[in-house]
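Okay, so here's just one chain, in structure tokens, the form predicted on its own.
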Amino acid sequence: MKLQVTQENLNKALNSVSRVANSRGTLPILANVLIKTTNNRLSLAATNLDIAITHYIGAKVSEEGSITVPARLMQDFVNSLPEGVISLDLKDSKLNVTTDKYQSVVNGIVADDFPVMPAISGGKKWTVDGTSFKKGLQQVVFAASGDETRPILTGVLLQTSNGKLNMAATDSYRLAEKQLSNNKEEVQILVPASAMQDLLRILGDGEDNIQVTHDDQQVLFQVGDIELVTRLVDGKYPDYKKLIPEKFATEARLKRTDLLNVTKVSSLFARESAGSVTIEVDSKTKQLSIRSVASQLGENTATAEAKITGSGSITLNSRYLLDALNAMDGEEVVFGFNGKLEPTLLFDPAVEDYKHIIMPLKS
């Protein structure tokens, strides 16, 4: 293998793929990135056996070839080089990396031993707008569980309902659902949240469409010159639609920033009680108040003006409430619940394509 590539392109590709490389695995080669020439282009790939990312970049290829080299070393090294042209020259299993002022040799492992994710054959294919998909992911992925003992809840559900593509995630304490767009293809797949986090990093700020291909076992996302393939989570996702209340006995409609600010202040006093705050909605005073108590620090009550129907109180985890409010970007928010032990629903009354549910704490 012999080629020339710009530092900017090589650095960008290494940043895309290296995060997936696993230096703690039992296979040493999983800590490496695969560098390979493909149709007069250079491809860089890394995998942890569950997720694989490949980034294609332009290069001036003199000789075809492939090698795997330590991902962390290569990423840090190329990132440290000045802008300009980098020459890569493979001799045996040693990759010579040369610029105007730097000459380095990186010891590699032959590419034959690098694991390859199986190709998806005969799967479903569909396209989604990259900007709206990224926004939707940011609004739901944090609600997925990190508890591997309940693998179903560690995924993000993508499914069509009434011709719309919906995205949902839950850890059983909260749930986020985003309605994305029309989708003619029937979809129901459960994608690991960790893979979705990697996809978020790949999406960047571009407006490229995302090509999605999947079968019953894995899914491939293609964004411009980058491909991410991951195994799907196996199992039946809970019927979360039953959790979403349609009517409320108590409802407050107020400025999102007002609720965000009073929640932030109250959360400071809620650290002792695992973030627990009590929210009271009063139709007589037309106010929503949040109270938190810390036996060592003191207590706090913060209020905000609101349009209110009914009266009642509920105890929630303030961190979950802050996460939900930060995921929304509308001017107003509706906060509704039916009783102390019933789910709380938050949504933007102007754009009802995003719903966030928080389960109450026992007060």
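Since this is a predicted model, take the numbers as computed values, not measurements. Each residue number is its position in the shown sequence, starting from 1.
Although it is not shown, the form predicted in complex with another copy of the chain is what the next lines describe.
Distance criterion of 4.5 Å from any heavy atom to another copy of the chain in the model of the complex singles out Leu73 from the list Ala249, Leu73, Met117, Leu232. Note on the partner interface in the model of the complex: the residue among Asn182, Ser172, Gln188, Ser104 having a heavy atom within 4.5 angstroms of another copy of the chain is Ser104. Although the partner is absent here, Gln296 lies within 4.5 Å of another copy of the chain in the model of the complex, judged by heavy atoms.
Taking non-hydrogen atoms only, Asn209 never approaches another copy of the chain to within 4.5 angstroms in the model of the complex.
Residue contact with another copy of the chain in the model of the complex: Leu243 places no heavy atom within 4.5 Å of it. When contacts are judged by a 4.5 Å heavy atom cut-off, Val61 does not count as touching another copy of the chain in the model of the complex. Contact annotation for the candidate site: Asp215, Gln222 and Ser283 all lie away from another copy of the chain in the model of the complex (no heavy atom within 4.5 Å). This chain is displayed without another copy of the chain, yet in the model of the complex the stretch 255-263 from 189-197, 125-133, 255-263, 138-146 comes within 4.5 Å of it by heavy atoms.
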